[in-house]
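Below you'll find only one chain, the form predicted alone, shown as structure tokens.
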Amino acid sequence: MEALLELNLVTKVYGAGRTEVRAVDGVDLRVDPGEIVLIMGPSGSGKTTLLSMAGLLLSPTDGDVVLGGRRINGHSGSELAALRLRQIGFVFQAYNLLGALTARENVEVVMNMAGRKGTAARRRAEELLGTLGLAHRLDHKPADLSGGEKQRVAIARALANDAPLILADEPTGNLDSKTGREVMDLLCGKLRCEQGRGIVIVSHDHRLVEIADRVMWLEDGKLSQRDKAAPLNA
């Protein structure tokens, strides 16, 4: 089985000399289709930096990023943008929805960027939002949506271009217990089990351990695997 994502000895260094900080230090990671990988660790341990490199938003100082069997080091900015658009779906803690657009338009816009427009994009957005229980909120703007509804729109947007890899940064961080559970069920059920997508989640939320296939711990830039049954200190 070909991996969706491989990080090979990936390192990110900020500064130089006395001010040098190795935010991520020689990390190896493989993500396969249908797998949920949870990355935990203390604040400031490099989790968001690692996710940004996995999502082609940040270039590593050293090491290789391989997406769908394709080594991406050395690609131009426009090539990386095209890869992100078609192969990676992002779910952010802060949702990152466009306030002037409706729920449907927030999902349509990423399809428009990929060349799918008009009726096809509209129908796809309505289908995704309906599947996520938001058929009655299509024309509502983010300001009129609850936190859980915003996160569902963000998930629909991440799925809009059928990206095989989903990267989620604290997807339950702003949600209450009930809504957080609903988002967890979406990640574990519809995305992983029904659609076979690979999912990488960065979070402090220990509830996510139960849906993860693997739990990784990042501290001082180093990544290690943890036993799911062992206590985690975040």
Partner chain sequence: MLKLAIRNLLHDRGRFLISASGIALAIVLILVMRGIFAGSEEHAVAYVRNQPAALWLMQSGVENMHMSTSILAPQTVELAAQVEGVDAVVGLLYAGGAVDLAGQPAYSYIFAVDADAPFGGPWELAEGRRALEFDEVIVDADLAARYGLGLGDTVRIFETDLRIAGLSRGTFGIATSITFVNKQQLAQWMGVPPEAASYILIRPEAGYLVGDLAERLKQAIPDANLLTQEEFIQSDKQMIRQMGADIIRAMNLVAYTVGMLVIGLTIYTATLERAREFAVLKAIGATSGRLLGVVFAQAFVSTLLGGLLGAALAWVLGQVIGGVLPEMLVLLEPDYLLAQIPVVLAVTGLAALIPTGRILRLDPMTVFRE
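Source: prediction; values computed, not measured. Residue numbers count along the first chain shown, from 1.
Beyond the structure shown, there is the form predicted in complex with its partner chain, which is absent from this document and is the topic of what follows.
Partner absent here, but in the predicted bound form, which of 67-75, 109-117, 129-137, 145-153 has residues with a heavy atom within 4.5 Å of its partner chain?
Going by heavy atoms within 4.5 Å, the stretch is 109-117.
Contact flag, residue 58 vs its partner chain in the predicted bound form, heavy atom cut 4.5 Å
Although its partner chain is absent here, residue 58 would touch it in the predicted bound form, with heavy atoms inside 4.5 Å.
Residue 188: heavy atom within 4.5 Å of its partner chain in the predicted bound form?
No, no contact at 4.5 Å.
Partner contact for residue 97 in the predicted bound form: its partner chain, 4.5 angstroms, heavy atom
Judged by the heavy-atom cut-off of 4.5 Å, residue 97 is in contact with its partner chain in the predicted bound form.
Examine residue 52 and determine whether its closest non-hydrogen atom to its partner chain in the predicted bound form is within 4.5 angstroms.
Yes.
Which residues within 2-27 place at least one heavy atom within 4.5 Å of its partner chain in the predicted bound form?
Just 14.
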